[in-house]
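Next up: the same protein chain in two forms, each one alone, written as structure tokens (structure 1, then structure 2).
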Structure 1
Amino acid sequence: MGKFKKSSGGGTPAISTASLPDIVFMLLFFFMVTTVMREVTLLVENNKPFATEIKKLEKKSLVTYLYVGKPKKKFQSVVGTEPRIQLNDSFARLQEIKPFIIEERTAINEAERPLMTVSIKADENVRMGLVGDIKQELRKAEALKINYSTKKGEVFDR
């Protein structure tokens, strides 16, 4: 019967892509909400150790970061392979920690200064000698609240 006409060509009808922007925007907002902006580019290797008894750092604006680790491959020709400290975007010497901490502290609102926390992001292969020296410098700078940055996971998986 002539009632049902075959569609010419016989190809599949085009799928409407009108909702594609909506889907992508949804993804976009998801990522905007769940992630944080990368603050510095890492110059050192930073493979953090595991721990189970961890606390989340509450207020981002009160946290100062210290990175410690072996310099990345491309910097090794300049600064060598021994573990180094990274403050903001450059390598630093031990003596530079104190002025750096004091500068960071003055940037914080006065009422919140006692809550300032220093997060030590050290690589698991760093030796404690260097970390101990850093802690000594922090004591001199009177930054006594610290946090050893770790990943969540079991300690015994060696």
Structure 2
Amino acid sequence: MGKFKKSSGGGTPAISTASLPDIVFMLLFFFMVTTVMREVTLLVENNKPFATEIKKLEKKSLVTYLYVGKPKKKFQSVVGTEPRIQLNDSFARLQEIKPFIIEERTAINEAERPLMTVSIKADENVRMGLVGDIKQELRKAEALKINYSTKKGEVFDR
């Protein structure tokens, strides 16, 4: 009979790292595609009210947002505690809404301008008088498609 020798270097073979760059780039591409960048930093509290009949906006690129609410704690020493309007990343007065809407409208493709919607994201504690004044300014700017942002749920009496 023949003699069989045992090999003395019986360790585990090395793991191949040839496909590692492919996996890293695939993960990088996945996170780049699925990540949504925040467009606006909220300066006001925005606890939206509840509503039962809601509809999702279709083309978010044609939506301009107006935020209304009490300033966050870190801004209250500067601007006070009364509800304020936020346009993009700054506080605004009622008179600044019309130029803001006109500027936003000019940034949109001319064929899609009639489809522009203004979404009012008002805190549930904001009085309707301020919201009514905002609507008057939007009428002056000829922004007649208005949406109120809400949370889905039952409306409770307080």
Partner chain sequence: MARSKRDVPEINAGSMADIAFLLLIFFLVTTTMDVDSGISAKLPPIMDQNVPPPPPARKRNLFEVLVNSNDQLLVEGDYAEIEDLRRLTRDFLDNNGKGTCDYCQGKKDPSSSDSPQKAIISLQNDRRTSYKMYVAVQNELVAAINELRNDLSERRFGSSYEELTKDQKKEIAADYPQKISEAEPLNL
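When a residue number appears, read it as a position in the sequence of structure 1, where counting begins at 1. Just so it is clear, the model here is predicted, and its values are computed rather than measured. Just so we're on the same page, rigid core means the largest C-alpha set that superposes within 1.5 Å between forms.
Between the two displayed forms of this chain, it is structure 2 that matches the form predicted alone.
Taking the core as reference, the Cα of residue 17 moves 13.2 angstrom between structure 1 and structure 2.
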